[in-house]
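Take a look at this one chain, the form predicted on its own, written out in structure tokens.
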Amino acid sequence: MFGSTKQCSCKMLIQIQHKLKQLIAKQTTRACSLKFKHDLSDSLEERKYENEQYDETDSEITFRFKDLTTKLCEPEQLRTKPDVTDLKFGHYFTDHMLKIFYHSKLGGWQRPVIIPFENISLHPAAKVLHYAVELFEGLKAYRGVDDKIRVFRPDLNMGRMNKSALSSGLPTFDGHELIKCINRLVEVDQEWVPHSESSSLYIRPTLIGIDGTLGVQQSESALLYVIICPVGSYFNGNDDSVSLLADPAYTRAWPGGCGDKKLGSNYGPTIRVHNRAIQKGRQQVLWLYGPNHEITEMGTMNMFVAYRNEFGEKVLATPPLSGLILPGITRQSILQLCEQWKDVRVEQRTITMDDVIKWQKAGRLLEMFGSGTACIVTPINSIEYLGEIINIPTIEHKEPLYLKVRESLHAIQYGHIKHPWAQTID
């Protein structure tokens, strides 16, 4: 009896110690996270957007950069680097990749490793293959005019990635630790970062469920990996404006769904609609929602509309973060830049196709453009909607807003101006 009581007391003591360790780790992680964000920018606008979009989701049990090991390619494994003029989006990959396994039965996250680029081996019953238990992110590294390499706002990508993980039954992690691991991967393959301001290095972190069991359940095993590739223009070198097909018969996302998460399952079903747009001579899809035909996204991009209101004020509007659209990093950056400039009224509001038609007929519609990591800013010239063509005068202005936005982001990303959004890899 005494032995049993002593054993229970020891067990209780161990549990209390474990909870204390978790609490200390949690407070430390959050303190570090808050300091990191504060260092990036002291502006109230920055914190407002971060609080609006991202909660603290860094895991108390995570992998650590200090445990990272690197295995470099043998000389015969090195790949031939393409000429910058031949770059196609997502076609050429660098020599190395980052891999981090998660196994709940082994205590969670394992040690991160950088290894030569390789194929992934999966169990035929892996959850990613049967239930689309998968998410990804997209960010870029740029070689600046000073030859330094900069990554654009990776902290926001990490916050969004953890949000996606929570919604998919996948493990979360400390985003700052992954940023450091990614920076190391870019350092290893730094010669793959193009020496050109028309190109960049695309970074694709991916997290997949790899349990070898059937059943729609929380993943007990997962693989987080990062691959990187030099890229040129998203539209095959064509930076001209694009035309859209807006067909209310197709819906990309709905309330209570996962349209605001970066999950692979959001993208596969859009391919057939994109193909229909191509068949009709349009280049992208303008996704609508609901009986009022609300504008949500353009292809895989966020949407912006510039117009003059009834008082003659110039307004830049974009759909609100209502759960129907992805909280884009470039979207947030555009809103913050335009609010700082104060030469245009910024609104996050519902925009319907009736609004667009009304503004266009009244001569008050100025511009429409999409934004995203891959394309940055893409102007729109026309929309096919219910059998009619709506012409958009985006590129007809002498000093269009989309061009000012694009050039400002370009200046930040390539180091023409010093800015906290562009984090240098030392």
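Computed from a predicted model, the values in this text were never measured in an experiment. Quick note: we count residues from 1 along the sequence shown, nothing fancier.
The same protein also exists as the form predicted together with a further copy of the same chain; that form is not shown, yet it is the one meant from here on.
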Original post:
Any of the heavy atoms of H176 lying within 4.5 Å of a further copy of the same chain in the predicted bound form?
Top reply: no
Original post:
Looking in the predicted bound form, any heavy atom of K180 within 4.5 Å of a further copy of the same chain?
Top reply: no
Original post:
For S121, is any heavy atom within 4.5 Å of a further copy of the same chain in the predicted bound form, or not?
Top reply: yes
Subject >> Close approach of H195 to a further copy of the same chain in the predicted bound form, 4.5 Å, heavy atom >> reply: no
Original post:
Taking the partner as it appears in the predicted bound form, which of 180-188, 68-76, 110-118, 326-334 has residues with heavy atoms within 4.5 Å of a further copy of the same chain?
Top reply: 110-118
**OP:** Name the residue from V128, L244, M158, L224 that puts a heavy atom within 4.5 Å of a further copy of the same chain in the predicted bound form.
**Re:** V128
Original post:
Considering Y102, Y289, F152, Y307, which brings a non-hydrogen atom within 4.5 Å of a further copy of the same chain in the predicted bound form?
Top reply: Y289
Original post:
Is it the case that S322, D354 and Y385 all touch a further copy of the same chain in the predicted bound form, with a non-hydrogen atom of each within 4.5 angstroms?
Top reply: no
Original post:
Quick one: which residues from 97-112 get a non-hydrogen atom within 4.5 Å of a further copy of the same chain in the predicted bound form?
Top reply: M97
